[in-house]
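Quick heads-up: the structure tokens below are two forms of one chain, split into structure 1 and structure 2.
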Structure 1
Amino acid sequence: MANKKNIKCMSGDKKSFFETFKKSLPLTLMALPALIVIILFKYLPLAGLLLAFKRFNVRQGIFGSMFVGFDNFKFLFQTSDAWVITRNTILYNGLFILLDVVLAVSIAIGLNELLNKRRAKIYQTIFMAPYFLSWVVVSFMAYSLFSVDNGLFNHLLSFLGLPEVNWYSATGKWPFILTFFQIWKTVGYSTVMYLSSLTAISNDYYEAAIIDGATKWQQIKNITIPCLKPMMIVLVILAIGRIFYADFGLFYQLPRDSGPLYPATQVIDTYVYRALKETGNVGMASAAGLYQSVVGFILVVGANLVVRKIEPDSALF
């Protein structure tokens, strides 16, 4: 009797499974193209990680090339520029994360508080538009401003009787230039994500606060920002995971690969690209990519552990 009951339970489970699969079949088919793309471009290329430990030879292929252990990783750590590229990568990304959170949250709250929603949509579009420009286009825009002969800034300096500046050799000015263009281009995208979180906040909180006599700043401080905190934490954790990655277009296209600016603009990604272009060593580039991925994974897990201890409800996992 017990066996018959078990058989009935199992057949019932199978029936429910097939029924569930049949109901979800349209959604599964809709997701199928994305799954195929992920498998083709995310999982199959993982075999290329072997290149990080081999001296790649085109004729021998990935699996037939000579195994060299960790020799490919040495060029990142033994070079005299190792400290410079690591420092630049971490400090720039840390500054970008901080400014992006502060400015995006501030802009999102400001747009949300506008009573004229049509005007808010126009402002949102203006902030979002630079995100869709490629760094090549932005680099030409920057060149029109900083060109030594025909740049707008040098024309203004000349008009005011001040000495002209060779912007593409002025190392000290480029940390500010890079930061400005990075924030100008990306802050709109983050603003949209925070705005989507703001729409989920119930108006009942604000109505209760108004009845209690709370000012607009008190409402933002005690209602809006706490409700945005989970989204802020998630985005910061994900950004920390890519702190060893640099936006190649920003650091290569914008300075126009100017040699005198390397101390201020050289990061891990541009260094690896230039080394690959000069030496053609694919193994070195693969080793750098693997190093960045492993460090990024460790940072995401570490940041999530810290958040889970401080505020468990806001942790990713």
Structure 2
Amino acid sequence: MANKKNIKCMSGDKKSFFETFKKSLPLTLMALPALIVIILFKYLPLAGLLLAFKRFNVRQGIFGSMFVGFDNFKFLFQTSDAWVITRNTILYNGLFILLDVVLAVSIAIGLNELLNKRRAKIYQTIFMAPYFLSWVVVSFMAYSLFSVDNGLFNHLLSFLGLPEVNWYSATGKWPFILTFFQIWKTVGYSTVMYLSSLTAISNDYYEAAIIDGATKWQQIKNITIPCLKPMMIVLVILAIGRIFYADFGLFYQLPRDSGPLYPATQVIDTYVYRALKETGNVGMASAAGLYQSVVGFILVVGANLVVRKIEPDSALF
């Protein structure tokens, strides 16, 4: 909407299109490389969404393949797959969002209160480190713990006289494992974001509270958390906007693509990948992909509208 207004303003000016174009040419040239990349790799692929309505045939290509209407979607939603992957994606992401905000805010406040500031800095640095490891690397770390023959956990279990666990087919344990590693990898990063807004809180509030005789706990409850609230709201709502997109690496690499675990680890992203690369069902994969894109889009836009109502300054658009 803002764009339309802008274009109207421009035509309202007496300058012709050509004049404007010529005047802004040097800057346009600087934007051009990025624009080309955006168009080639972000907009052109949207043409691939057509495949959701086609029966793909390699020889006929994307545009030549036969049009089949909503058949792919019919097949997708007839199976229980659609329900399972939607449920898994939303439940996992919902849990991650909740735990992330609670833990990150708690850790940030804790680090901020530590008496030894140097030590707090060291903690922060170490907590953030897992964020920079790839999921493939993390999957090997997890493997050193969960491997059936050699894993640390199974050796500990047998040492304690307990039965060993076949971790890579124990479906019930994976919601916990996945949640743990997700938090393990990302909580330090979120903590940094909250820490930076913690240091921005004016000391005046605390001084006034001390004069009024507020305890530390009361200060945290009535000053720190309310001051962090805008940041929390924005990050949570933006995360809710992306609730339909799972972290592919977490769900694909960590369980090592183990078949028996699919009921607990299959999310939309892994489903699409497997349909595309492993079973070669392009129609089904692209139907699930378009389903994700469309619902994801609605959620992101919706989330932003909500943010704009609550915290206009923090909305993405």
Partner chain sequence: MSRFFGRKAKDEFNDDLKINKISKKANGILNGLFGIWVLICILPLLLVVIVSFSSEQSIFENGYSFFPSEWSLDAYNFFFRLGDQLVRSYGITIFVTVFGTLFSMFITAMFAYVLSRSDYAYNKIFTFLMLFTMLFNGGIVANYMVNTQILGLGDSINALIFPMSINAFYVIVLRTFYKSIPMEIIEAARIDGCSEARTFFQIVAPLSKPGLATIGMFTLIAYWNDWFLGMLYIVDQKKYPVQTLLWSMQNSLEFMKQSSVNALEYSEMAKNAPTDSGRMALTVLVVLPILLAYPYFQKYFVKGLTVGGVKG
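Keep in mind the model is a prediction, meaning the values are calculated, not measured. C-alpha atoms forming the largest set that superposes within 1.5 Å between two forms make up the rigid core. Sequence positions of structure 1, starting at 1, serve as the residue numbers.
Note on provenance: structure 1 matches the form predicted alone.
Glu164: CA moves less than 2 Å between structure 1 and structure 2 after rigid-core fitting. Fitting the two forms on the rigid core leaves the C-alpha of Gly283 displaced by at least 2 angstroms between structure 1 and structure 2.
If you fit the rigid core between structure 1 and structure 2, you'll see the Cα of Leu261 move by less than 2 angstroms.
On core superposition, Ala31 has its C-alpha offset by 8.8 angstrom between structure 1 and structure 2. Core-aligned Cα shift between structure 1 and structure 2 at Val300: this is 3.3 Å.
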